Each structure stands twice: as C-alpha cells, then as structure tokens.
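Listed next as structure tokens is one chain, alone, in the form predicted alone.
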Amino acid sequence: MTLHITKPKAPERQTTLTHEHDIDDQSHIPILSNKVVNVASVPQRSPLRYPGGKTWLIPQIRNWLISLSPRPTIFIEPFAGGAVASLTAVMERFVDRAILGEKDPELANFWRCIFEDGETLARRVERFTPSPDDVRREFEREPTNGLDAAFQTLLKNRVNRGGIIAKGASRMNRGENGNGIASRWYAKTIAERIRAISRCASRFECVEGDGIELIGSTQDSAEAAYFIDPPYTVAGKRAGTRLYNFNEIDHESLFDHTAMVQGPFMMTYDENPDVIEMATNRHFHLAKVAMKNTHHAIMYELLITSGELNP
C-alpha cells in the first residue's frame, strides 16, 4: 500500500527552552532496564558509525514493535542518521517498508545510492586502500556524480573521530590499537552491510528534507509507526551543533506534530527536565533505560511513547 505524503497541517513555531526544574521531577519515571546492552550482541546493519546511533537501543525497539497491535506496515524515521532502527524494522520484518527522513543532503544522497545501486558502492569500498595518502587524494577529488559523493560521505564517516561528518570534524590519527585509519575501514564487512541493505532496497525510501515536516505530512496514517531520534539541543545542550551539520530544531513544534500522529511512536531524548515537561504536558508516556555515554559512564535515556512500555 502506498503512503501518500501531503503538506503538513500545522506550522512550526520557533521556541527556545530555558526552563529550570527540580531534578526530583524525574523520580517518578519507570526504569525499563538498568542493564547496559552490549552492542556486540546486536546485529550491526548500518555501514555508518553514526554519532548518537541507537544500536544499543535495538532490544527495546524490538520489544516495542512486537507489542504493537495491529502490526504497523510502515516505519518512519524522520531523523534517520545511521538508520539502525529502520534497518532493523525492515530486515527483521517487523514492518513491510520504511521511510527515512534526512535533512543533510550528504546523508540523504548516501542512502539513496545504496537503495539505487548498492552493488557499485560495495565494490568501490572493496577496492579502496585506506592509507593516509589515499584518503587525502580521495578528499581532494571533486565528486562527479552521486556515487562519488556517497563514497566520500562513507569514507569521511569511517575515518573522522567519532564518525562525525559535520564541518570541522578532525581525522583519526592512531585509531584502534595504533592502526590508524585502517582500524575503522573494514572493507569486507562494510561492503557486506551495503549489499544486505541493497537486497531489501525496494522496501526503503529516503525523503530529503525536514523531519518535522515529514511527520506532519504522514500523520494521518494509522498504519505507520514512528521512531523519532532528533538532535539533542534542548535547554542549551550544544552537542548536536558539533556532531551534525543540520542541528537546529524546534522541539516544541516536534512534540506538537508528534501529538497529531495516528500511529504509535517512540521518541528518544536525554533525561532532561524540559523534555519531561513537554512530554507530560501532552500526556505522552515516559520510561528510561540505562546506556553508556562516550566516556563509558552509565546514564539514562528517556523513551517517550504513545503507549506504556513493558519492562
């Protein structure tokens, strides 16, 4: 069945969140799990090592999708990034197809190239030698087509610190175990992931543009389930400005649009009082789950959903 995308029904408002709240407001939120997921136990499907990726959340996403009745046929990820949620939903057959929303034209082009000609991109990955000189020469070349640009996006993601493709990101030096760039360029593995996605290409669509607008244009479909993982810039949190080229977002507008969708949704956010207020004001359900940050400290991620989650 085709999902028709129409213009959003509600305009976006620009809102700056600067509220101060008592941290005790968060004490009532149920904890789904105190156990940090070992990402090595989860299938690695994305070719990208995307900053803020949600591989560690896949067990919770699976549980949520299994719990949904009726089964959704369409999975919408308005802020796709590394797209691990969409890849899991489609490739494990929780849904029939997925729509990836991506505002960054580099990433949108990357996903479209995999869906349209993944085999060519996979072969190019296998042929590339990840020496510092070869990497430098590749980035000195001007892309002549979409596949050239997609390959450079992938290479940038693999050789930059933290997988960051935003402007100003620095290149790895030592890498893992002192192996430099080669420690992040697993040609065979990356090519296999691209081919696996390519085999399911007919079940994916990439829409380049604003994620909030994508939610608004699809909100009337009861067959759609939404996984919403926006850049975290609430209440002055600026990590998103360093990690992503497109990090500006009106969080109040995002919550307003999400409140209008007919299908189920899961949103992910840092545990933050402003986010909790926006969610509770709209009668969304809140839960939290343990994770590790980039410094390996245990913290909690907020899950905001249309229905209660079971531990």
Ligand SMILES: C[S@@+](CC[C@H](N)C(=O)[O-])C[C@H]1O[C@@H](n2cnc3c(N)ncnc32)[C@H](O)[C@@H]1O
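Keep in mind it's a predicted model, so treat the numbers as computed, not measured. Start at 1 and count along the sequence shown; that's the residue number.
Same protein, other form: the form predicted together with this ligand, not shown, and the subject of what follows.
Enquirer: With the partner removed from view, which of 215 to 223, 202 to 210, 133 to 141, 187 to 195 is the stretch that lies within 4.5 Å of this ligand in the predicted bound form, judged by heavy atom distances?
Expert: Only one stretch passes the 4.5 Å heavy-atom test: 202 to 210.
Enquirer: Identify whether this ligand in the predicted bound form is within 4.5 Å of every residue in the set E77, D104 and L107, based on non-hydrogen atoms.
Expert: Per the other structure, all of E77, D104 and L107 touch this ligand.
Enquirer: Under a 4.5 Å heavy atom criterion, is Y269 part of the interface with this ligand in the predicted bound form?
Expert: No, Y269 sits far enough from this ligand in the predicted bound form that none of its heavy atoms falls within 4.5 Å.
Enquirer: Just to confirm, L155 within 4.5 Å of this ligand in the predicted bound form by heavy atoms?
Expert: Contact with this ligand, no.
Enquirer: P230 versus this ligand, in the predicted bound form: is there a non-hydrogen atom within 4.5 Å?
Expert: The answer is yes: P230 has a heavy atom within 4.5 Å of this ligand.
Enquirer: Give a yes/no on whether G118 approaches this ligand to within 4.5 Å in the predicted bound form, heavy atoms considered.
Expert: G118: no contact with this ligand in the predicted bound form.
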